[in-house]
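One chain is shown next in structure tokens, namely the form predicted on its own.
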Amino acid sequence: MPIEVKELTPGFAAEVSGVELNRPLPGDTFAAIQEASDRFAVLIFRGQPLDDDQQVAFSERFGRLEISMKLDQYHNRFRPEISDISNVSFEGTLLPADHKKVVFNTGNEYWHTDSSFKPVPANYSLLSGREVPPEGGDTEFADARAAYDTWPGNGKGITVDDLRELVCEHSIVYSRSVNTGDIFNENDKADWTPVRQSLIRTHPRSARKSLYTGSHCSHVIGWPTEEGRALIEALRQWTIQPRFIFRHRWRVNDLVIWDNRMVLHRGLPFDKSRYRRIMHRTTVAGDGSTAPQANEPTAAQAVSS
């Protein structure tokens, strides 16, 4: 039986039904899911009760999975491929608001793309709603492809064509310092040195381009820092206009897949002192770097040398 794909906003985000993801999928069914992802960038699957092994097995159909950060693994309670995005302790009690894990997760409430702070950034993220609050905690997605297609320039002579050769520095230490305070120790900071990413990404199958910004994006390489940050902020604000945003209201056992190469996303706040929220994420690793790293020449440097 073929899957059903219901468009939720024009050209962006769709709800997929007619499939049970806790069972092995025929090749043609998975191909249809992949095709829908390439078109809509965000896919919603309702009523998908998954355990971690089932989520990992389905996620691996998209590619090799990342190993989660230490704060997401939370003392290795779960499989290393599982990021535990929750405010609940091992014993099932709410963590205090000042707990490092809760503070760290607050950074997810700012627009970002997963793993852009890694030399090889993520392709897909798959988020399973194990427990959801009765109010708040929605997730918003912004279509960075539509933002690229419509960006009019910054009014200072920088056009969309000028963006294509720009490379930015991304850092989770930078983003968390701005959004949640300096929560990393020196060992953490040594593990997460800044990386470089292209400002414009081209999807390998759809060939659509997108603006690759988000909270981890610090500055433009080779530009004065504040001038680069002003450009990044202008692009981010353009991307998160209401006309480009889809908002997902979670139900228990929802699974949401999004393509980090095409969207920004953020989790919305909820009352963490009253409500439990347990989400398990798997993240599909990317295919390679988007730009040369600091010890390699950029395209512009290579031409000028």
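Heads up: residue numbers just count along the shown sequence, starting at 1. Because the structure is a prediction, the values reported are computed rather than measured.
FYI, the form predicted in complex with a small molecule isn't displayed, but the following is about it.
Enquirer: Just one of 106 to 114, 179 to 187, 220 to 228, 142 to 150 has residues with a heavy atom within 4.5 Å of the small molecule in the predicted complex, so point it out.
Expert: Among the listed stretches, the partner-contacting one is 106 to 114.
Enquirer: Taking a heavy atom within 4.5 Å as contact, would all three of L94, P133 and D271 count as contacting the small molecule in the predicted complex?
Expert: Verified in the predicted complex; spot residues all out of contact, no.
Enquirer: Although the partner isn't part of this model, could you tell me whether R236 comes within 4.5 Å of the small molecule in the predicted complex, counting any heavy atom of the residue?
Expert: Taking the distances in the predicted complex, the answer for R236 is no, it never comes within 4.5 Å of the small molecule.
Enquirer: Mark R277 yes when one of its heavy atoms lies within 4.5 Å of a heavy atom of the small molecule in the predicted complex, and no otherwise.
Expert: Output for R277 is yes: heavy atoms within 4.5 Å of the small molecule.
Enquirer: Give a yes/no on whether W258 approaches the small molecule to within 4.5 Å in the predicted complex, heavy atoms considered.
Expert: Answer yes; at least one heavy atom of W258 falls within 4.5 Å of the small molecule in the predicted complex.
Enquirer: Answer yes if any heavy atom of I82 is within 4.5 Å of a heavy atom of the small molecule in the predicted complex; otherwise answer no.
Expert: Judged by the heavy-atom cut-off of 4.5 Å, I82 is well away from the small molecule in the predicted complex.
Enquirer: Which one of L199, V195, L127, I172 is close to the small molecule in the predicted complex, taking close to mean a heavy atom within 4.5 Å?
Expert: Looking at the other structure, the residue within range turns out to be L127.
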